[in-house]
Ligand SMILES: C[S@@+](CC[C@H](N)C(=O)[O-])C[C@H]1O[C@@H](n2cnc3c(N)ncnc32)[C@H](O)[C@@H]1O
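In structure tokens, one chain follows: the form predicted alone.
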């Protein structure tokens, strides 16, 4: 299911994700003339950094959210080195083209089928191409999501969230390495990294970044109170207990 993202709000509060993207980008070995797929480009903050490293190259910026792509287009207006593609990564089709590298930040944990995802990304890469990515890993947001589950069980919200299934996949490192090799990658390394942050505008950040899947199932007049109750049950100052799964692989 595609999330109902608000690209402009995400762009405003998504500084932690942008900073992770900067660190991931530093792991990418680039000469400056490559074609790179930004898999889950969001509002384009990391895409903009990527373009700085590709003065003679190109970026295919892919996202499943029209709102995110609209925000990215606004940010990158006039740069003819970037092509925007609205697509589910599990159905990624570059029209027979291959790319030199795939970069991704804060996206893969929204996709349950990692075996299918990695196979699709491997098919998009030229032989020897790089996959460099980071997403939520095992234990990610454990405290925050446990609190959300407790609030979701309260009478005001439970009727709307009956049967709700958490859409995240927070994978571990050994299993991820095995899936990457199973998808055809010749070399693969994955590792977990604790990355707690104190994000700006905690209620907005919770509602527009962390709890979007829950809020989609609630009537509009219950969404603000749900976020407030989750936040009220967490220690102050609010800390998002992120754990990141890093992936480096070569096709």
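Numbering follows the first chain given and starts at 1. No experiment lies behind these values; they were computed from the predicted model shown.
There is another form of this protein, the form predicted in complex with the ligand, and it is not shown here; the text below is about that form.
K.L.:
Report whether the minimum heavy atom distance between residue 166 and the ligand in the predicted complex is within 4.5 Å.
P.N.:
Looking in the predicted complex, residue contacts with the ligand do not include residue 166, since no heavy atom lies within 4.5 Å.
K.L.:
Even though the ligand is not shown here, does residue 107 get within 4.5 Å of it in the predicted complex, heavy atoms only?
P.N.:
Heavy-atom contact with the ligand at 4.5 Å: present for residue 107.
K.L.:
Closest heavy atom of residue 131 to the ligand in the predicted complex, within 4.5 Å or not?
P.N.:
No, residue 131 stays farther than 4.5 Å from the ligand in the predicted complex.
K.L.:
Indicate whether residue 111 is a 4.5 Å heavy atom neighbour of the ligand in the predicted complex.
P.N.:
Answer yes; at least one heavy atom of residue 111 falls within 4.5 Å of the ligand in the predicted complex.
K.L.:
Find the only residue in 99, 82, 71, 89 having a heavy atom within 4.5 Å of the ligand in the predicted complex.
P.N.:
The option sitting close enough to the partner is 89.
K.L.:
Heavy atoms within 4.5 Å of the ligand in the predicted complex: which stretch in 217-225, 184-192, 62-70, 25-33 meets that?
P.N.:
That would be stretch 62-70.
K.L.:
Heavy atoms within 4.5 Å of the ligand in the predicted complex is the criterion; list the residues of 20-53 that meet it.
P.N.:
The stretch touches the partner through 40, 41, 42, 46.
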